[in-house]
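Consider the single chain below, provided in structure tokens and representing the form predicted alone.
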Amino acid sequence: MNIERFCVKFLARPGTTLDDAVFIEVFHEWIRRHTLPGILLDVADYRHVPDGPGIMLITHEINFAMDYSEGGFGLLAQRKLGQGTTQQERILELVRATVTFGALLEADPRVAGQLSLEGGAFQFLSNDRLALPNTADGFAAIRPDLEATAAVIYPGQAVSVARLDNDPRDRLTLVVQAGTVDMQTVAGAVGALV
């Protein structure tokens, strides 16, 4: 399997009552201070789009969004460029970047205590419908790579990888689940920069 365009999403825990506007201020500051590795470009406000990407931090390599699509509010990261020669390496790299982003966001004083991301589960979304269609064959093709990557992310834990039952015209979405794990634990397992 060789998929270059994909996303991962970590959902927010229930009870998040944060005003999205705070992300605009946070992300602009991160650009000014070069808080994340890579080239941070811009902040986009898509709150007007129903079930859309919300507030986004656009970087050269990854688009990060405080997203409302695909089953709820959470942190979605869309890979545009990156390292990794195998699919497992590319998935792990995007998870590492997303967990770094999430841990920094949870710790930001403007957000702390108001946002908690579920570290024990994430979604994998294919952005390449030709190479990885939303079919049983597409699921079978990517599942081994997700299972192997999940073993690194959640060492020693029982992990399930299931296909989200969505419209076949939508992106193939898989849910990787390992139980109750916080983002700091995941950050340690994947070597996130926090």
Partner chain sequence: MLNGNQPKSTWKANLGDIIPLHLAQEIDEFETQMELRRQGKVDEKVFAEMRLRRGAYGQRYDNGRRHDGEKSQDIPFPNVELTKGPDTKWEAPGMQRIKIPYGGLNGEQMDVLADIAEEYSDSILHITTRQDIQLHFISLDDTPDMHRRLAAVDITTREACGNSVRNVTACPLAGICRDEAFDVTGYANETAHYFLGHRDVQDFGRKFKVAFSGCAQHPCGLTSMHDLGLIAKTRVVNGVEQKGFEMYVGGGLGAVPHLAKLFDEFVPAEELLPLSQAIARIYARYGEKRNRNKARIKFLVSKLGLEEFRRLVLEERQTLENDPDWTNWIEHIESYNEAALPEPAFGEPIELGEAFEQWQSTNVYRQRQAGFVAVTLALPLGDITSLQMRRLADITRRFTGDTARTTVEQNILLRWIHEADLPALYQALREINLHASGAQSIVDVTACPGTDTCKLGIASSRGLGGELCERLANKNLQYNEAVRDIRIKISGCFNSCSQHTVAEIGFFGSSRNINGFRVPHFQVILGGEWDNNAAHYGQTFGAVPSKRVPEVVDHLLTLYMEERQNGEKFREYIARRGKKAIKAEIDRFTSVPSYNEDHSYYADWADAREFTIGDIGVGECAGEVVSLTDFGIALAEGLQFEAQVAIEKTTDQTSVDNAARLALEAMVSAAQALIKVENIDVSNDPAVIVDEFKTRFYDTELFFDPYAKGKFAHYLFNAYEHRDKPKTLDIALRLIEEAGLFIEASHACNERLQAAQLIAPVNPFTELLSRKVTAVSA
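As the structure is a computational prediction, the values presented were derived from the model and not from experiment. Residue numbers count along the first chain shown, from 1.
If you look for the form predicted in complex with its partner chain, you will not find it shown, but the lines that follow are about it.
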Review point. Which residue among V159, L36, L164, I58 has a heavy atom within 4.5 angstroms of its partner chain in the predicted bound form?
Key: I58
Check your understanding: Is Q78 a contact residue for its partner chain in the predicted bound form, using a 4.5 Å heavy atom cut-off?
Key -> yes
Check your understanding: Contact between I24 and its partner chain in the predicted bound form at 4.5 Å, heavy atoms?
Key -> yes
Practice item. State yes or no: in the predicted bound form, is some non-hydrogen atom of D42 no more than 4.5 angstroms from a non-hydrogen atom of its partner chain? Key: yes
Point to revise | Partner proximity in the predicted bound form: D51 to its partner chain, non-hydrogen atom cutoff 4.5 Å | key: yes
Practice item. Taking its partner chain as it sits in the predicted bound form, which residues of 131-147 have a non-hydrogen atom within 4.5 Å of it? Please list them. Key: A131, L132, P133, D137, G138, A140, A141
